[in-house]
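Next up: a single chain in structure tokens, the form predicted alone.
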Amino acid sequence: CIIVYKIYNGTYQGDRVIDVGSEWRTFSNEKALKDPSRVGDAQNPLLNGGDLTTMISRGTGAASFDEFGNSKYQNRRTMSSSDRAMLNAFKEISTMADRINLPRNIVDRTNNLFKQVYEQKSLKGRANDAIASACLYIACRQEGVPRTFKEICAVSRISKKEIGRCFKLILKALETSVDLITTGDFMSRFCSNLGLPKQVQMAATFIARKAVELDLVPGRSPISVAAAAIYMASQASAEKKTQKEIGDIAGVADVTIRQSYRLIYPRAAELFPPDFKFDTPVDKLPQL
């Protein structure tokens, strides 16, 4: 609190100004070794009690011990096992999100999903890391920035099959749902990671959408269709990419790309946008 004095009509009058900034002070005697900081971490509403516990650090000075060498100050309360499990899961979620550059709102939604599942105890016997990975996959879908199972699997220690199982169990337990993924959900990111120009990205998006409209790829996953459309668009342009290059980015096998490509190749002339500038004519595209 700061009091500012001002003079009005020859008299002093005080105004109280509240400083809402951080209290950068410390009560430690070891000022040279520790940075000044506020007491305790920020409140975490996802933990029981909001994580409003006080932990006493181990003393180092002579005043911290009695005549028998025992510490005078000891923690009377420790974190519960459930809070500890959730905190570890939240750290794992944050680490996975950082590895694939996901924003904070995805992390927050994932943490909330994990807390709901954990408190319901509806997935007993499943590893918390597997549940956390599945929650991250669901949060990405619900926030409109879907990631593939392989992308989540790459930043976690859990197999794709186990994440898929937990995904289905969580949707059932929480009675929630996710929007169906489409080829457009991945096209921009895949093309960007491949270094393809805007024209090729727009052509690939057009090809994939047209192929779905014409029902050329029944039963094929949107990811494999997107990969095949990118391959076709790139082969028709000057920025050609191999099946392996596209497969590494999309997380699908070369054979999967070929299978989808063979379905759309016979009608390739109908799939390209009218204003596309061909470097390789349609009749010269790979037949595979």
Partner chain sequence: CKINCTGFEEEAKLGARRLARCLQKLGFKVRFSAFRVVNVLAVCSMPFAVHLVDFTKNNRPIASYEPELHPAATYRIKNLKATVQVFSTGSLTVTGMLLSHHHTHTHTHTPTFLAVLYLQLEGTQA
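Computed from a predicted structure; not experimentally measured. Positions refer to the first chain, counted from 1.
Below: the form predicted in complex with the partner chain, not depicted.
A.B. asks: Indicate whether Lys168 is a 4.5 Å heavy atom neighbour of the partner chain in the predicted complex.
C.D. replies: Close contact exists here: in the predicted complex, Lys168 approaches the partner chain to within 4.5 Å, heavy atoms only.
A.B. asks: I'd like to check something about Ser177: if you look in the predicted complex, is any of its heavy atoms closer than or equal to 4.5 Å to a heavy atom of the partner chain?
C.D. replies: Yes, Ser177 lies within 4.5 Å of the partner chain in the predicted complex.
A.B. asks: Gly125 near the partner chain in the predicted complex, any heavy atom under 4.5 Å?
C.D. replies: Output for Gly125 is no: heavy atoms all beyond 4.5 Å of the partner chain.
A.B. asks: Using heavy atoms and a 4.5 Å limit, would one call Gln259 a contact residue for the partner chain in the predicted complex?
C.D. replies: Close contact is absent here: in the predicted complex, Gln259 is far from the partner chain, nothing within 4.5 Å, heavy atoms only.
A.B. asks: Which pick from Val145, Ala97, Ile181, Ala173 sits with a heavy atom within 4.5 Å of the partner chain in the predicted complex?
C.D. replies: Of Val145, Ala97, Ile181, Ala173, the residue with a heavy atom within 4.5 Å of the partner chain in the predicted complex is Ile181.
A.B. asks: Would you point out which of 135-143, 195-203, 89-97, 105-113 contains residues with a non-hydrogen atom within 4.5 Å of the partner chain in the predicted complex?
C.D. replies: Looking at the other structure, the answer is 135-143.
A.B. asks: Using a 4.5 Å cut-off on heavy atoms, which residues of 219-247 contact the partner chain in the predicted complex?
C.D. replies: Gly219, Ser221, Pro222, Ile223, in sequence order.
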